[in-house]
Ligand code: ADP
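The chain below stands alone and is given as structure tokens, in the form predicted alone.
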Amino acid sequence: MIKVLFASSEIYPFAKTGGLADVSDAFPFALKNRVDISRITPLYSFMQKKSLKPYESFVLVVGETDYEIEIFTQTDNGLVTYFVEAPFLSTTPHLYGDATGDYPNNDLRFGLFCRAIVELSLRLGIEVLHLNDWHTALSALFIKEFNLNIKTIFTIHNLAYHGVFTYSTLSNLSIDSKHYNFEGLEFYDRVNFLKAGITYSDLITTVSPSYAQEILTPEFGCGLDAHLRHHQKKLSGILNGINYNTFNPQSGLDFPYDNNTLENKHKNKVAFIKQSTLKDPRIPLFVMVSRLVQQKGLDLLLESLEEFLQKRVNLFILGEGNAEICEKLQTVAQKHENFEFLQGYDESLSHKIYAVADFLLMPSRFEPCGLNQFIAMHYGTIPIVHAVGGLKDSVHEQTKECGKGIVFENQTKEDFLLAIQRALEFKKESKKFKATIEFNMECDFSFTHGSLEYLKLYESLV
């Protein structure tokens, strides 16, 4: 079996800020019976170290400094995860930053993480190193620089996040200045970690086929579209999936259910409405579980909100993010008894929200893949999505493909509210609505298909 190490800055349930953590949970489990795969992630200060086993330690010489690195392990259902404890990386209270912004030493924090990834890969005899987003991207450069016999795949989960630092980063991480050029790390007089993954990896993937095409354009390329077009031959898009053990309507709910017991979905909704400030569980319930940032279409939602709430609907939003957006949502919620906004994030609560809703709102400006739509459909909730990126690949209104939902083409108030109206009319067709829910719940939104596509890429490298 091919020996693979999957590297990610966050893995659910150990650390999570978004979908990367869920993918890093689901994907390796989907492949563990087909390849010899393990995972590696930072050991952050908030993790429970006492539940981990010491594995190995070594010293990394970076710049003129010796850094002590400790590796710990945990095994879950036959899958080994390695945790990297390193100076700076493991001492911050959060993953990437705090209320004031990103940590100023993230270049050193994740540069050390990348060096540790490469060192452990050598010690484990790894054949394919699967890197994810900018936090792991420098590993590809180090492998080329040290002339190691390890193949690399770099997955871009969200091109909007680059990992950009000052020129001094090169000397801080003992990176030869020969790599500071347009083809290498240079990006508007700064150092771009994401470019290292694009330039030096053997293959590049994104998390949906449509996003793989979108990032080649100036509109979605985030300043890297020309660079990506230059490397287009090694780029492909593979749709993400979810872990059915984590997202399961038959557990963790007051009334567990499947597609044959949808009456329990309604019981969950009734109980949820009673505990909320909302009224009347017979009214269609729209929900949003999201980071509250412009990417997720919050500007469109806010523009449409007053008109939307005039309809016979209930709306519940769970999320955290931009302070101004949160304040605006709170202001509107105080004026309307059919809208509740809960600022923050709670994993268990989010599962309940998917379970009780009739419709999930995803009006994203761009969406590399999105996992919320998969989770919603698996819980029997109909997604309403903007036709972009992975949403376009996974939610269909006019075709008979798996993944039935409401899709609007243009990100305008008019198109969004028309989609809402189509959803309300659809809800009135009770037999058709129920049949669609049952159909979606029978679909496979796991990583089974995507993992086989990745297996082909692994095999092409060794």
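Residues carry their position along the shown sequence, with the first being 1. Not measured: the values here are computed from a predicted model.
A second form of this protein, the form predicted in complex with the named molecule, is not displayed here; the remarks below concern that form.
- Across the options 263-271, 339-347, 89-97, 103-111, residues that bring heavy atoms within 4.5 Å of the named molecule in the predicted complex belong to 339-347.
- Proximity of residue 16 to the named molecule in the predicted complex falls within the 4.5 Å heavy atom cutoff.
- The closest non-hydrogen atom of residue 370 lies within 4.5 Å of the named molecule in the predicted complex.
- Contact between residue 144 and the named molecule in the predicted complex is not found at the 4.5 Å heavy atom cutoff.
- Taking the partner from elsewhere, residue 291 is found to have a heavy atom lying within 4.5 Å of the named molecule in the predicted complex.
- Contact annotation: of the candidates 118, 388, 375, 356, the single residue with a non-hydrogen atom within 4.5 angstroms of the named molecule in the predicted complex is 375.
- The listed set 295, 245, 166, 322 contains one residue whose heavy atoms approach the named molecule in the predicted complex to within 4.5 Å, identified as 295.
- Annotation for 183-212: no interface residues with the named molecule in the predicted complex [heavy atom within 4.5 Å].
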